[in-house]
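Just one chain is shown here, as structure tokens, and it is the form predicted alone.
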Amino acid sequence: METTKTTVLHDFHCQQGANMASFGNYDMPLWYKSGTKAEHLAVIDSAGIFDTSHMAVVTVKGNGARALLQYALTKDIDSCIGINKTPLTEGRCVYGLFLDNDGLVIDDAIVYCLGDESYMVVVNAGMGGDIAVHLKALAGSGAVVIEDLTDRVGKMDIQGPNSAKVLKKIVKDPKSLFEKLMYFSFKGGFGSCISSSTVELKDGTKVLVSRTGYTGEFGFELFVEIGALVPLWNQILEAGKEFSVIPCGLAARDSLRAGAVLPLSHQDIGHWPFANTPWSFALADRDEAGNFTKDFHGAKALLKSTWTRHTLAFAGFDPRKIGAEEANYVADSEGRKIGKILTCTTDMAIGRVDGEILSIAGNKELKVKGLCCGFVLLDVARQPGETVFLTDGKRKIEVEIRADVRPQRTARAPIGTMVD
């Protein structure tokens, strides 16, 4: 039996009275004494911080590194940046998937271009070894060096509209850091993950600052050497006091990401063909004949797949939830089973007014109780606006199929409007 791991922030979580549970074989905080609702709303109103050092980092370096990732990743890294689809270059990162021979999802990932033939790949908890093995198999006997840095990287996130205001208090040169730091770009480096830019804290700690995250809100993912994570966490908590920054657990991370229509790997996407989902942007483009515009591992199997089920986002009409337990299911208006529940949580920052979903981010006076939201896997397609029912056999709740859920998200906000 595999021993449950802990992160270097585990003592902090326990000292703060966090409710702990196993996630990805790590003992992680679900919520603190403040509670999931307060943590969720902190990210919408100001900022919250998350221990994400359970995530895994794999480096891919050397002659042929780019060619390897171009084949291994579903996204076309030679045509992926902005509306003009320019190539992935140093200081930019991109989201994609790793598939097996049958076109089934091994894991999703963000790939960071550190420089010429030097990349950092961030995957989910417990997946560093699997992805490293997968990449080594695809690389063969070439010159590419693939290293699994699992449990050797310190990572935390600060998310919410005041994130930059907090971060600028602890970095040496905030003006340089934030200049042209657009969504899905990064600056700096740490340890063996070095780019040509340098970002240092006032205490001299080198950090990689990435304008990414898993909440749908403006914020950053921060990477440091493992021994620097606890001091960084404490510095941000201290700098964030005037903004009421609080630590947040995985429950708030889950409710925020679901409201932002972001998938959880191995739950909303998993060991089935990656087709008929809200996240087709993770794949290479298709030509007029429906073929992918680049070859990638698993592409042929995906094109031949007879998968007809549909992964769809939904939002309810009140906060009530029906969990994603195996016995629970999705039914039509006649009570017939038409699919399974993948995720069901409550986004506590939204509510319905005259049928329209509104967010407190756009109206501070709005009084909301939250709406359940998440993803279902249905046997047949349903269009946005259609309703289905989640049920545990006794209770049932009506939910609406949605193209989007929480409005007024800030993840892509111009950074100049978020710094001062």
Partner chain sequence: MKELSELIFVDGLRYTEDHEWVTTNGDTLRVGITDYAQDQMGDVVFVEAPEVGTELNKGDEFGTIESVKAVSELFLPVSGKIVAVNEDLDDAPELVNEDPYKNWLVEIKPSDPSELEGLLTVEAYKELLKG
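Residue numbers count along the first chain shown, from 1. Every value quoted in this text rests on a predicted model; they were computed, and no experiment measured them.
Keep in mind that the form predicted together with its partner chain is missing from the display, and what follows is about it.
Using a 4.5 Å heavy atom cut-off, indicate which stretch of 177 to 185, 346 to 354, 256 to 264, 87 to 95 touches its partner chain in the model of the complex.
Stretch 346 to 354 is the one.
So in the model of the complex, are K5, W233 and L237 all sitting within 4.5 Å of its partner chain, heavy atoms only?
No, none of K5, W233 and L237 comes within 4.5 Å of its partner chain in the model of the complex.
Within 4.5 Å of its partner chain in the model of the complex, heavy atoms considered, which of G35, G362, G393, P384?
None of the others qualify; the residue that does is G35.
Ok, F50, W31, Y26, F375: which has a heavy atom sitting within 4.5 Å of its partner chain in the model of the complex?
None of the others qualify; the residue that does is W31.
Test of understanding: in the model of the complex, would G126 fall inside 4.5 Å of its partner chain by heavy atoms?
It does not: once its partner chain is placed as it appears in the model of the complex, G126 has no heavy atom within 4.5 Å of it.
Report yes if any heavy atom of A18 sits within 4.5 Å of a heavy atom of its partner chain in the model of the complex; otherwise report no.
It does: once its partner chain is placed as it appears in the model of the complex, A18 has a heavy atom within 4.5 Å of it.
Give a yes/no on whether D100 approaches its partner chain to within 4.5 Å in the model of the complex, heavy atoms considered.
Judged by the heavy-atom cut-off of 4.5 Å, D100 is well away from its partner chain in the model of the complex.
Since only the chain is shown here, I'm wondering whether H134 would be in contact with its partner chain in the model of the complex (any heavy atom pair within 4.5 Å).
Although its partner chain is absent here, H134 would stay clear of it in the model of the complex, with no heavy atoms inside 4.5 Å.
Any residue of 313 to 331 with a heavy atom within 4.5 Å of its partner chain in the model of the complex counts; write them all down in order.
If the 4.5 Å heavy-atom criterion is applied to its partner chain in the model of the complex, 313 to 331 yields D318, P319, R320, K321.
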